[in-house]
Every structure is written in structure tokens, then in C-alpha cells.
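One chain is shown next in C-alpha cells, namely the form predicted alone.
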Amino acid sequence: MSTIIQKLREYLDKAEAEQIRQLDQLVAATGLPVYKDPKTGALLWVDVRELRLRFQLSVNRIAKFVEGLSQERLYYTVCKRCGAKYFPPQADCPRCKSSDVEWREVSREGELITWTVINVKPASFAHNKDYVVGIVKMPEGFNITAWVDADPATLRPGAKMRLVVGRRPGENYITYWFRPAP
């Protein structure tokens, strides 16, 4: 049984193999890794060197956020000095530069502001079917951008949305998303 990480790597390797095959053909035919963009006509250089990145970021100062996700809770921070609220949470207040923050749990319901259907996906999400991303205004006064598990034809501005924290079906890693409130 392969994990989503293995499946994603297999998908990207397959897509990249096709790109490399096309690049080899281009260089063999023209001597240069340059082609004309079919939409704009602009000349594009395709670097022949591969650059793979995998980030490792310290989340030690926002460990409460990570712990919350594992407990199916979502947290934000409030600056104790100036009262600014942050989601995603901030360990340091960008407004007044204080590091004295308080952790609070995000409400489970908000109001849909807007949404879009993602048809053209970044490589790391290319294995997914088209999906909906929305911006939801939370009662705490900040907005959360996240996937929306709903038929986009049924959505409307102002609709009540329910925050879900858990393992996203098909990917099996913990994240958060919205679905219409019952």
C-alpha cells in the first residue's frame, strides 16, 4: 500500500520524465533548450539542470498549532500587548513585535465570503481532481482560506460553513477544510 507521499512522487516522476523526454527532443532538434510558448509566442528557456526541493521548517514556536491539528482542533494567536489576532498563528506579533501571545481555539463556524474552483493545479496538487478553495470569515475577525468540500454550484456568499479538522479523504494527512453547515 503506497502513501500519498509515494503516490505524489510517482506522479511527479512520471510527469517529469515526459518533460525531460520533450526537452531531449528539443535540444536534439534545435541545439538549444529554448521553445516558443504556444499561447504568447514568448521564447522560453528550459533549464536542463534539475532542482528538487523538500522543505524542513521549524514549527517549535507554533507547536500548539501542530498539537491542535493532531487533536482535531485549530488554534490562532492573540497578541497580549496590542490585541491583534492571527491565523495562521504567529509566535511574534508583526504589528507591535511582541512575543507575548495567547493561544485560542478557532470557532467551528464561519461565513463564506468567496470561492473558486481550482482547475489548473500546482504540481504538488496535480494528482487531485478539480477542487474548491474558499475564504471564510470567522467570528473572531479573521479570514481562513481553505478547501471547501461542496459542489460549487450550491455555494453562495454569506453561506454558513463548518470548519473540519481531520485526515483529508484520499490523502490521509491531517489538515483543515470547510463544508456547508447543516
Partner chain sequence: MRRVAIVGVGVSKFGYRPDVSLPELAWEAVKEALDDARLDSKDIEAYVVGNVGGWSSEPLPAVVVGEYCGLTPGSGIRVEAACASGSSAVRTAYHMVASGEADVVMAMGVEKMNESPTPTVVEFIGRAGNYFWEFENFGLTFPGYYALHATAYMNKYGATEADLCEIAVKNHYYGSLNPKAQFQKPITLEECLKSRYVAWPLKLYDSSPITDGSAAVILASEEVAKKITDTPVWIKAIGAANGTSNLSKRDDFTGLEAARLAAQRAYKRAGIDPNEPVKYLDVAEVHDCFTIAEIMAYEDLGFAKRGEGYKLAREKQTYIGGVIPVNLSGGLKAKGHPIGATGVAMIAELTRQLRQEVERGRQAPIKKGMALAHNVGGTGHYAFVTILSL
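Positions refer to the first chain, counted from 1. The term rigid core refers to the maximal set of C-alpha atoms that superpose within 1.5 Å between the two forms. Just so it is clear, the structure is predicted and the values come from calculations on it, not from any experiment.
What comes next is about the form predicted together with its partner chain, which does not appear here.
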item	value
Its partner chain in the predicted bound form: contacted by all of L44, T114 and A146, heavy atom 4.5 Å	yes
Its partner chain contact in the predicted bound form: I135, any heavy atom under 4.5 Å	yes
Its partner chain contact at R52 in the predicted bound form, heavy atom, 4.5 Å	no
is_contact(P157, its partner chain) in the predicted bound form, heavy atom dist at most 4.5 Å	yes
Non-hydrogen atom contact R168 with its partner chain in the predicted bound form at 4.5 angstroms	yes
Heavy atom within 4.5 Å of its partner chain in the predicted bound form - qualifying residues of 95 to 127	I113, T114, W115, T116, V117, I118, N119, V120, K121, P122, A123, S124, F125
Core-superposed comparison between the shown form and the other one, N172 Cα displacement 2 Å or beyond	no
Core fit, then V46 C-alpha moves 2 Å or more between the shown form and the other one	yes
